[in-house]
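Below you'll find only one chain, the form predicted on its own, shown as structure tokens.
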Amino acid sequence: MPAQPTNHKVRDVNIRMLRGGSGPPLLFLHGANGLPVWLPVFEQLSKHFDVMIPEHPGYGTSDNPPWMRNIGDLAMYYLDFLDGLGGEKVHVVGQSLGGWAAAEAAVRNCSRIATLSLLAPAGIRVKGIPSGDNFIWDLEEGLRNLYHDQSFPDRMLAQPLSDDDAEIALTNRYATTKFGWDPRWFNPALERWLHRISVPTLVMWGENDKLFPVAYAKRWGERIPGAQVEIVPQCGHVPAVEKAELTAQKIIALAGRR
């Protein structure tokens, strides 16, 4: 059953969050487009986990605290989030921007993380292999460049955008600019600290990713000790949407490695 957004508070920050399922806790950190709807991948994961999908501070209708200035602040916020859950360690999954935040959190402190699944994360740059620039893509181009199977953006673009949806999209774009504008989608210091990630890690990448080329997956795999790298054929930047069943299977399998 689709989960509806509820309020969640960490420190002095109120955010929206989707939550559903039962089992060990799993935290899913969304990408630059903001809080997703309850997707098929979440439905599959919720059969095995207590799935939590928070809306990043500054996105949508969640609070935008003045101290939230960069990706490091977002990472520290999610370490506070994990501490606030108490109890057992948490399986952490991050898509794109969310994967970047998850990696930044993990290099700082892995003590509350059970496993880490990074789905085409931002955060590093490979010399000679430029990434795409979604800041200059228009709405349609941006959506189409996220997917290999164009039936996904076809369906999204066919749905009319309400005034509220348009306002949230603009809010999300401002928030994304704060985290990813300068330098574009990477932290020059992150790569040299990825060796600090000490939990079972999955790096999953669409073979046809137009935002962060698939060659980036190899670099992540080289820098994170023991990382499992999965390249997904006929898939763009969002395997959690385009290849939902496979993505869920790989995350579930990784959790079984504990």
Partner chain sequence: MQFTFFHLMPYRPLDMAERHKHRAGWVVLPNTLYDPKKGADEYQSYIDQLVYAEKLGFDVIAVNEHHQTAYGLMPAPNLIAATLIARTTKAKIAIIGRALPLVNNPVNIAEEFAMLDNLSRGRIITGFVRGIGNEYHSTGINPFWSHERYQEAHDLIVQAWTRPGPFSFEGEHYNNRYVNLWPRPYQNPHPPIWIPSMGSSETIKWAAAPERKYPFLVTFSGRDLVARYLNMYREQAREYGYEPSGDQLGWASPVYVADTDERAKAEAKAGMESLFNDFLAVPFQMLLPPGYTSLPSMKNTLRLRKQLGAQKRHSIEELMESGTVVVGSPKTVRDELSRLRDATRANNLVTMLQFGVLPDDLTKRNMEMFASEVMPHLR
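The structure displayed is predicted, hence computed values, not measured ones. Positions refer to the first chain, counted from 1.
The next section is about a form of this same protein that is not shown, the form predicted together with its partner chain.
Undergrad: Since the chain is shown here on its own, which stretch among 130 to 138, 150 to 158, 89 to 97, 105 to 113 would lie within 4.5 Å of its partner chain in the predicted bound form, judged by heavy atoms?
TA: Contact criterion met by 130 to 138 only.
Undergrad: Are any of the heavy atoms in R69 no more than 4.5 Å from a heavy atom of its partner chain in the predicted bound form?
TA: Contact check for R69: yes, within 4.5 Å of its partner chain in the predicted bound form.
Undergrad: Would E167 sit within 4.5 Å of its partner chain in the predicted bound form, counting heavy atoms only?
TA: Answer yes; at least one heavy atom of E167 falls within 4.5 Å of its partner chain in the predicted bound form.
Undergrad: Which residues within 168 to 182 place at least one heavy atom within 4.5 Å of its partner chain in the predicted bound form?
TA: Sequence-ordered list: L170, T171, R173, Y174, T177, K178, W181, D182.
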